[in-house]
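In the block that follows, a single chain appears as structure tokens, in the form predicted on its own.
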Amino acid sequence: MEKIHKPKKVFVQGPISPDFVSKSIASHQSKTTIGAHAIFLGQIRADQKDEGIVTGIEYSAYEEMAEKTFHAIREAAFAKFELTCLHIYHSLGIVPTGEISLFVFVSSPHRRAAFEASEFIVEEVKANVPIFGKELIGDKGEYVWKENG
């Protein structure tokens, strides 16, 4: 019988800080069955758009549906890969360029499962979670809706 994991809160207001990432890593040192961690950090790029240069992204979400979708992705990853731990965090609100908006942290006894699970999770998040991003352009309040790719 497969273990059902408790739903976890995913959303963080604003950027995900390097301190938050390092504390997450440090909290796993006592878990001695882990042989590998894979970490994905999604950072906001200063893309050039027709309207100007992106200065940040303002994220919003249909939170209740998004949390359910994140949970389904977690459950699918645990079912598909040999994992010890799995954490997903995504920003809401404004995240300036150069800051982190997505943090996926996967732990496994073996590196291959950690790598493959990390990629699987990121692709599922991008394809299926109802999160919307307004790419902020310059300093005059202009924006364009972000397309996932």
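When you see a residue number, it is the position in the sequence shown, counting from 1. Small disclaimer: the values here were computed from a predicted structure and weren't measured.
There is another form of the same protein, the form predicted together with another copy of the chain; it is not shown, and what comes next is about it.
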query	finding
Close approach of residue 86 to another copy of the chain in the predicted complex, 4.5 Å, heavy atom	no
In the predicted complex, residue 139 touching another copy of the chain (heavy atom, 4.5 Å)	no
4.5 Å heavy atom contact, residue 51 and another copy of the chain in the predicted complex	no
Contact flag, residue 45 vs another copy of the chain in the predicted complex, heavy atom cut 4.5 Å	yes
Triplet 28, 31 and 39 all within 4.5 Å of another copy of the chain in the predicted complex via a heavy atom	yes
Partner contacts in the predicted complex for 111-132 (non-hydrogen atom within 4.5 angstroms of another copy of the chain)	111, 112, 115, 118, 119, 122, 123, 126
